[in-house]
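Starting off, we have a lone chain in the form predicted alone, written out as structure tokens.
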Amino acid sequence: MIERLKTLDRRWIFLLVFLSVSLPILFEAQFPETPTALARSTFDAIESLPSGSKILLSYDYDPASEGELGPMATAFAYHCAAKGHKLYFMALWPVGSQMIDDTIANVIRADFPQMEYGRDYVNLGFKSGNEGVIKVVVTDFRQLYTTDAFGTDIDDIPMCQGVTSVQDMDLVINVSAGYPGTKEWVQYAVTAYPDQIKLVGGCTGVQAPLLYPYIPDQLPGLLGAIKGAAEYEKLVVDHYHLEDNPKYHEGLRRMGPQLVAHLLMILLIIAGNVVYFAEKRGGGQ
């Protein structure tokens, strides 16, 4: 057995990896998820607010990170809309505006047709300037946002009347693929106004370790990559009875191939170590 493993053609390993990813995708395998404390804190931050609260959603990502961030962005929008909150969409990434359009089309217009643009949700679009935008809007929203994404004067939008800064928002939700993103929202918004601005977010897997030091004081809730998205989806699906709506199972579905592939990697590492120590014990090099 050891000799067979030593001489195993690497193409068999490539085949196993291919099957571990493709089969769960083909059969849409979903595995049980147990939400962690961070996912529950993120869910509770939205759920605990009274209906009609003002939520600022900053979608700071692009299609390259949609695999990780798309499901959580969709779940965030659904959760806020189902709770009856007022949704203010914005973006610090140029393509983030397209991500907002997709979410509005797939979630708000599709599942909440009773929601009216300008009264229940608004798309403020993209503003260039990176963290400079955050520094301005935390004190003077209208200095940068004079119109929405379609050129409508902000004073003609009912839900924007009376909104002067991010401090008027009850919660900020940031979906981030990097810079500018959640770290900048923490540094230039929450840190500057800790009593007025509350932030939760979702980020890519490589970005998550950089944000853990801000938990829980500056960042009470954080969804890390597709795992965090799946945990949050589980909470939203169970609470709002979305078991039969596959649109809100994307994170759970995408966790399938990742889980199986990771298990395969663990088994291959174990097998490699078994061969190594068996050979070493036998006096091999």
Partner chain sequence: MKRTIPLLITGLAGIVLVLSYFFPFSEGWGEEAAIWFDVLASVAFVLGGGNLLKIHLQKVSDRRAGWGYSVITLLAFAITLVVGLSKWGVHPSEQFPAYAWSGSYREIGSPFWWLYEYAFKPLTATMFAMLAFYVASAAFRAFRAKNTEAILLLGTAFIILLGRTAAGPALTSWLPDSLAGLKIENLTVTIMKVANTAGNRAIMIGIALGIASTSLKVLLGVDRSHLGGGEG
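Residue numbers count along the first chain shown, from 1. C-alpha atoms forming the largest set that superposes within 1.5 Å between two forms make up the rigid core. Computed from a prediction, not measured in an experiment: that's the story for all the values here.
What follows is about the form predicted together with the partner chain, which we do not show.
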{"property": "Option touching the partner chain, based on a heavy atom within 4.5 Å in the model of the complex, out of Leu219, Ala39, Met255, Leu57", "result": "Met255"}
{"property": "Exercise: Gly132 in contact with the partner chain in the model of the complex, heavy atom 4.5 Å", "result": "yes"}
{"property": "Contact of Gln161 with the partner chain in the model of the complex (heavy atom, 4.5 Å)", "result": "no"}
{"property": "Contact flag, Met115 vs the partner chain in the model of the complex, heavy atom cut 4.5 Å", "result": "no"}
{"property": "Contact label in the model of the complex: Pro50 to the partner chain, heavy atom within 4.5 Å", "result": "no"}
{"property": "Partner contacts in the model of the complex for 47 to 63 (non-hydrogen atom within 4.5 angstroms of the partner chain)", "result": "Pro63"}
{"property": "Core-aligned C-alpha movement of Ile25 between this form and the one not shown, 2 Å or more", "result": "no"}
